[in-house]
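One chain follows as structure tokens, the form predicted alone.
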Amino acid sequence: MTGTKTIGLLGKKLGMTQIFLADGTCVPVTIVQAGPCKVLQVKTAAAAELPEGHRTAANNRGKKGGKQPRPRQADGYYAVRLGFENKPARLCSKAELGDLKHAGLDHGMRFVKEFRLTAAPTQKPGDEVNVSVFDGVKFVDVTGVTKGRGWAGTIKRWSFSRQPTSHGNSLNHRTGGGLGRQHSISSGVPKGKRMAGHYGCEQVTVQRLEVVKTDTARNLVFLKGAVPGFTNGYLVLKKTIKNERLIENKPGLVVKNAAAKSMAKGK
């Protein structure tokens, strides 16, 4: 694993297609509209690192006291808050519009996320981040909300096997069976028991998806692999945290069998 925290992109899943490589190989890909994203806020570890115009705040003491300026405190860590896809001002609260006013916006953003960074960011509020941040990146991690499948049984939700269909088993072919622990000291349903329930609609991160192609002009990323979510669902794309070194370059790893050795040689 690599512990470097870098800026990513917010995007939207558009659908699937196929791409033919130079050698004629047909690769199925998912098209993701990655950006352009607007920088809404820059967080720093020290107050002196705040950009100009953002180093002061104000305390509102009402009609008599008025607004009294004060130095703005730092956040204690480095981060960049990005927004994706414009939202009309009529759909925003006054708090949202007041927050986005610092980035020079007069409208809202539909999808907002924060990216923590290892070092001080070079971006400023109001800047635009596009798909060019993935230049030279071969693999990305994609976070999204999976498709909702409603209430599902144990076979669909957990890949359980059905019960025998022989004599004596009447109308119990797809049921979950016994829960266990009925006659033990700690009776009841154990925590984490795999049972029927709500399936889907949960945040999932799929790691190390291959970037087959990027379209800088249209801010599109073509990914090979299982991208979570439904069409037009929002996604978070980051540079993968998986280490891309070969097996033979990893310290402390003993390669024993022939299959592992051939993998280490890149065959």
Partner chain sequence: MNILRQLELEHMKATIPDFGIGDTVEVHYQIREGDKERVQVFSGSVISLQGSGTRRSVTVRRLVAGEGVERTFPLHSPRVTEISVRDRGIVRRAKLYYLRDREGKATRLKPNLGKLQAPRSGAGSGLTKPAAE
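Quick caveat: nothing in here was measured; it's all calculated off a predicted structure. Numbering follows the first chain given and starts at 1.
Not on display, but discussed next: the form predicted together with its partner chain.
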Spot the stretch among 39-47, 233-241, 23-31, 199-207 with residues whose non-hydrogen atoms come within 4.5 Å of its partner chain in the predicted complex. 23-31
Heavy atoms within 4.5 Å of its partner chain in the predicted complex: does residue 213 have any? yes
Is residue 220 close to its partner chain in the predicted complex, meaning a heavy atom pair under 4.5 Å apart or at it? yes
Residue by residue through 6-25, which ones have a non-hydrogen atom no more than 4.5 angstroms from its partner chain in the predicted complex? 14, 15, 16, 17, 18, 19, 20, 21, 22, 23, 24
